[in-house]
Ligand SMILES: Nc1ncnc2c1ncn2[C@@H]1O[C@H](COP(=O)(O)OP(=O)(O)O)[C@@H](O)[C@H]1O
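Only one chain is shown below, in structure tokens, and it's the form predicted alone.
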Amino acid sequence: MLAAAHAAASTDFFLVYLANIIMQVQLNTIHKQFGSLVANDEISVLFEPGRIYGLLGENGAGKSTLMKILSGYQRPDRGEILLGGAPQHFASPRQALAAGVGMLYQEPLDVPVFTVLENYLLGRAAGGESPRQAARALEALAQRYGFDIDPHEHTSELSMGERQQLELLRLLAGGAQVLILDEPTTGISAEQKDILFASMRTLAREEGKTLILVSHKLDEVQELCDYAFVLRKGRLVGGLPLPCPNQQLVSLMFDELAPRPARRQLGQHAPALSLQSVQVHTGRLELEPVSLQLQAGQVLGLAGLEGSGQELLLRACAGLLPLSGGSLLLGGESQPDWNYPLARQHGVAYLAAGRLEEGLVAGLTLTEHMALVSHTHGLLVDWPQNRKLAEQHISTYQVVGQPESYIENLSGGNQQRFLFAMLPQNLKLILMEHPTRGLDIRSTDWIWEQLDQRRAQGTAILFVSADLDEIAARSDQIAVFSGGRLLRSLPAAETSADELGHLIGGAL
């Protein structure tokens, strides 16, 4: 009997050891280049099962490219991927998932008009599983990780955190043993973040899966991860076991990080924007009457879970959505027929969250973008002059790219820098959706330095952000939204990010 027990124990140990070896991920000399830009320069890393890794680096360091290669979204120019020592050649994310590698993107890849169950089944191989059986399997899987999701609810009604949970369950049901999570805490409440982190610990510690967290939030990386790899300018520059002093990670990520300047105190100024009982109705959400006032030079941050109404308000202020009720005053003057062209004429600029979807044009170079916003009129485009302008803006705004670079080949941070380069001067009001989403510390500070310069000239700033730390640190006043209504307006100096996290989660 003792011999049988020893044999059983040896067998269990061998099975666990074998499973761990199979899930081991090794990237060998991965190289990827876009034109003259080297995104990944001979990167070699090893990810062991049962651990949570942080992947850090400033914007343009190559993190997203490396993870897109691992998840099958892109192919490397050279180098190899090994799972359990076996070479892999992924031609698509589906092939990667079939091999056990899945990626949770910052924006979940779901279909809003489908139900939770329909999204769960989307892309899965057809089999003998009935919808009722699939719903039971989904509910059991959700319960296992502490998620509360109704299989029959439409995905459009879910919060960002619930959509992430659904996407995670889809990946797990698809057989993912290696999970890549890209900025997963963006736009979720404090309670949802706690649930997500608990599920990640369960997946790694209890189930032996390999998790890779791509994030710019060093405190979250320190709290959650066992080890961090750091990329800089396309190269692997080091790695550290965690936790460790934040300064060690920052030193690896950046050549030098300038201290953040103190915020300028705002005195009394004339009103730049006044909203009086403003209402906005769409097919999916009604924004209840909102009254707010924004002074010249003031920064007003709008906080709330996605779909709480703050994006509707911002787009209505930009003239992209009509007001269903109430009135909008700019500089004290009523604007009864407010629209986007009129907003531009009055010195109002709008920066959308979708950089390539709404702000920039994929397939155009930086020079061609300068021609789009050029104020010269005529039948012919002065290409030498626009190229010169592109060069000037690349230098002034520290954009990593060339006048001939296609905008889609730039990192998110460099796309955002170029968007700011295209803004007109002497603006009265800047409206922004998630201005620093996915950006590193240095790029974030740089963008807010540019905004503070405009603020000193009297430009008012109204912005939406899912980063509660950003709202608490950068705003003068904060308006909290929930369920289509303005919940509360608070002075930023008296409000912490943690308090905001609980407020947007429904706490009063």
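When you see a residue number, it is the position in the sequence shown, counting from 1. Note that the structure is predicted; figures quoted are calculated from it, not measured.
Heads up, the form predicted in complex with this ligand isn't pictured, but that's what we're talking about next.
Student: Does each of Ile478, Ser482 and Leu503 have at least one heavy atom within 4.5 Å of this ligand in the predicted complex?
Tutor: Result no, not one residue of the spot touches this ligand.
Student: Give me the residue from Thr459, Ser64, Ser443, Ser465 that has a heavy atom within 4.5 Å of this ligand in the predicted complex.
Tutor: After the contact test, the surviving option is Ser64.
Student: Which of these residues, Ser156, Gln415, Ser199, Gln74, gets a heavy atom within 4.5 Å of this ligand in the predicted complex?
Tutor: Filtering the options by heavy-atom distance leaves Gln74.
Student: Please identify, from 53-61, 448-456, 23-31, 465-473, the stretch that has a heavy atom within 4.5 Å of this ligand in the predicted complex.
Tutor: It is 53-61 that comes within 4.5 Å of the partner.
Student: May I ask you to state whether Leu37 is within 4.5 Å of this ligand in the predicted complex, using heavy atom distances?
Tutor: Flag for Leu37 set to yes.
Student: Say whether the C-alpha atoms of Leu423 and Lys233 sit closer together or farther apart in the predicted complex than in the form shown here, given that their separation changes by 3 Å or more.
Tutor: Leu423 and Lys233 sit farther apart in the predicted complex.
Student: Please check whether, in the predicted complex, the CA atoms of His216 and Asp452 lie closer or farther apart than here, given a change of 3 Å or more.
Tutor: They are farther apart; the C-alpha distance rises by 3 Å or more in the predicted complex.
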